[in-house]
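We begin with a single chain expressed as structure tokens, specifically the form predicted on its own.
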């Protein structure tokens, strides 16, 4: 599938920070923003895939995104990453909180440590990255924050209790921050992907049979991939959605 061809001229030269941008959905978003002419920084813990992405984007657009290696479970690292992005880009007007990890764990196997780990990886850094970036947006007169949730918490999936809790919590966080930051012209919205088939998902969880079963539940009878989230994310980042905040946009092919 090719990247959507829609252009959002207002995103040109706009500072964009993406978390978890080194692979999967995040990498598709980094590449897409760069194609719009945005100045892009991204945070990821994995250096090899991130550096490869920088080379790929530089070859395509003539300008490499700025890679910040950081463990988002460390809140001081989150704050430092935000400051580095602002220093490198000059400003951050778009924040995409994407980094997550959907580990499977049976109810009886969950421990205090594994619960805290999941919430740390999938929810906590969303708040603290927003907290770190918001003052920079306020000084520039506004911005757009896009938080990636998931439809997983709506599907009664038994093997991901902590992950589902985090993804549901992102909706509450999004609405609360929209109320807080709206007077500063900062919009906060969420995107809820359905089954997005990435290389990692295929390697760890998905089979041809499970993909086919989900397609049967979708109105659109095709596999969803990371590029399917590009258009919605660019729309929420751009001035085309200037009156839209506190909303949750579901991109799942119409699961029923």
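Residue numbers count along the first chain shown, from 1. Remember, it's a predicted structure, so these values are computed and weren't measured experimentally.
This protein has a second form, the form predicted together with a small molecule, left out of what is shown; the following refers to that one.
- From the list 131 to 139, 107 to 115, 179 to 187, 144 to 152, the contact stretch for the small molecule in the predicted complex under a 4.5 Å heavy atom rule is 144 to 152.
- Of the heavy atoms in residue 65, none are within 4.5 Å of the small molecule in the predicted complex.
- Although the partner is absent here, residue 167 sits close enough that one of its heavy atoms falls within 4.5 Å of the small molecule in the predicted complex.
- At a distance threshold of 4.5 angstroms between non-hydrogen atoms, residue 94 is out of contact with the small molecule in the predicted complex.
- Using a 4.5 angstroms limit between non-hydrogen atoms, residue 23 touches the small molecule in the predicted complex.
- When the small molecule is considered in the predicted complex, only one residue from 212, 46, 59, 219 comes within 4.5 Å through any heavy atom, namely 46.
- This chain is displayed alone, yet in the predicted complex one of 121, 173, 89, 160 has a heavy atom within 4.5 Å of the small molecule; that residue is 121.
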